[in-house]
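Next up is one chain by itself, shown in structure tokens, the form predicted on its own.
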């Protein structure tokens, strides 16, 4: 039986991709021209592009400081997630009394919105004495339940014989995780890093609550301050958005295959 040509599917996917990329192109174009976004008819090709808006973003507010704070907080969140989620995911692969109830408890906690836990989270952060610090901003994101289950699914897909052989050779639990499971779970690690980066990089409400000084503000908070500095904010605002979006898009594009594989790591065994 003759196979149907594949070009119609490719054409449809290209058309859908172009439609999805239009907003990103429009943001980039407006950041380079500063033109009125309500102008009609809209201009498809940018006219007289320049980088003045990016210069304004960099110098009118302490953008490097906001960028550094976001990088520090995001790095702490990623390191905490890799440590705690790996340990929790490996623990949930074991058989022990109450394991089923712990899994059900974690799943039920995923139904609780973060806004409902802000007050106890703030009180705990204040008791720890880490308000207005990088650790205080990163604290709620040091572990995420969905990433715990991603590691759990990835670890369970590793053949049990490898773990038993490593244990026979005298490896302890942590060495089994570091030397056996993590090298075979690169997709889960990439998924963890991407999700944690996006959640921490774009966090607004929690940093707004725990920060007290402008020197500790992150990029989302810096955007709110930037809007109060400039009156004509169209081009500069879009330039700010581009600078914030680029790191996340770059990380996702570099690890998108591992990210997709990590989300489906528990679908097959072996």
Partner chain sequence: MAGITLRAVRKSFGEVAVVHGVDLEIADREFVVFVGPSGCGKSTLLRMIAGLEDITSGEISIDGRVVNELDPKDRDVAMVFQDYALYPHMTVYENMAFSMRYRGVAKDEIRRRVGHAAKILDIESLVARMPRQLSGGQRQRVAMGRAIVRDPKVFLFDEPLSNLDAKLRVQMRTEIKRLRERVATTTIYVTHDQVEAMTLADRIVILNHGRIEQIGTPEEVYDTPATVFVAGFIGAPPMNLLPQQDVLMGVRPEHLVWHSGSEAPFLSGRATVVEPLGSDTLVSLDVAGTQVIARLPPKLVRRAGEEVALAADPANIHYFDRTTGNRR
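Residue numbers count along the first chain shown, from 1. Here the structure is a predicted model, which means the values were calculated and not measured.
Omitted here: the form predicted together with the partner chain. The next part is about that form.
The partner chain is not drawn, but in the model of the complex it has no heavy atom within 4.5 Å of residue 76. Among residues of the shown chain, residue 160 is one whose heavy atoms approach the partner chain to within 4.5 Å in the model of the complex. Although the partner is absent here, residue 72 is not a contact residue: none of its heavy atoms lies within 4.5 angstroms of the partner chain in the model of the complex. Looking at residue 104, you'd find every heavy atom of it more than 4.5 angstroms from the partner chain in the model of the complex. Residues 166, 167, 168, 169, 170, 171, 175, 179, 180, 183, 184 are the ones in 166-200 with at least one heavy atom within 4.5 Å of the partner chain in the model of the complex, listed in sequence order.
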